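Listed next as structure tokens is one chain, alone, in the form predicted alone.
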Amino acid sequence: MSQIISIHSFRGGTGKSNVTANLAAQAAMAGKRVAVVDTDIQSPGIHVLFGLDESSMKQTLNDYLHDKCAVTDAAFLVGRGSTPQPGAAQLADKSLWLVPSSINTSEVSRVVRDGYDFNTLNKGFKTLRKELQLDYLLIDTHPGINEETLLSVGISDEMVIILRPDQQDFQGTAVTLDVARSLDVPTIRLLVNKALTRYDRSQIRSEVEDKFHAPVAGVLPLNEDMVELGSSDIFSLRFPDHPWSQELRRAAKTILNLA
């Protein structure tokens, strides 16, 4: 049975979608069958990292939720685009699917206004796991605490909470952890992102673990090179020797139990 892993943060700007895309890519490169579902329907964006644009997104998660298509019809094999970036191009012969959310203004407004039926979404998760024979289903959640996010977290086998070494993130992470523990999520891990390079990462790990009584899968350094890339590719594949990529691979081994 495949694992459902929800990737979450209490606040925006933590790099959640970048981390999710790179974790999925590392799993696919290891020969695993992986799907990523962008449930951040109010502010979608992970498709950009995989080289998809509005013209190539014929069907989306929104179409499935509105009963316009099967969920598998909205699952795009990553790396098959006409001009994939160098990182994403390495996934062309791998088993990595993305179910994107629509960036159409009316579709985003509709979700903000009306929400969506989580039972339909949950059914879609089950269908993807079965039809695509997945090893991992990664859920890129909407930041913060809302009903849909809580329901996604509640069905997950593992939850990864992304946080920065920042007092606002610390407060939000404490709230998120309390909620996840009340939902009896089997495995909860923290992943620190955007840590200043002048600080000792092992000390950051120790302090965060002591503060939250939860394991830290990795401490990713602040990455100006990723900012310069502008979300146009999968960083850990394009720049595999970069310190950020090396730490991401170490975290992926822990989170995904990769050899």
Partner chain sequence: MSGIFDRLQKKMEVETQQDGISPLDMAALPPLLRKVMRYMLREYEMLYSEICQWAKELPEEERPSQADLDQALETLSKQFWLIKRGEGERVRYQANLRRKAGSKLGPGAWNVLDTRIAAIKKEPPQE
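Treat the numbers as computed from the prediction; the structure is a model and nothing was measured. Residue numbers count along the first chain shown, from 1.
A second form of this protein, the form predicted in complex with the partner chain, is not displayed here; the remarks below concern that form.
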Margin query: Does any part of Asn104 reach within 4.5 Å of the partner chain in the predicted complex? Heavy atoms only, please.
Written below: yes
Check: Using 4.5 Å between non-hydrogen atoms, is Glu148 touching the partner chain in the predicted complex?
Finding: yes
Notebook entry, point to check: If you check in the predicted complex, is Gln42 within 4.5 Å of the partner chain, heavy atoms only?
Noted result: yes
Margin query: Please determine whether Lys94 contacts the partner chain in the predicted complex, using a 4.5 Å cut-off between heavy atoms.
Written below: no
Notebook entry, point to check: Given that the partner chain is left out here, which of Val185, Ala89, Ala75, Leu132 has a heavy atom within 4.5 Å of it in the predicted complex?
Noted result: Val185
Next item on the list: Could you run down 105-142 and flag each residue that has a heavy atom within 4.5 Å of the partner chain in the predicted complex?
Entry: Thr105, Ser106, Ser109, Val112, Arg113, Asp114, Gly115, Tyr116, Asp117, Phe118, Asn119, Asn122, Lys123, Lys126, Arg129
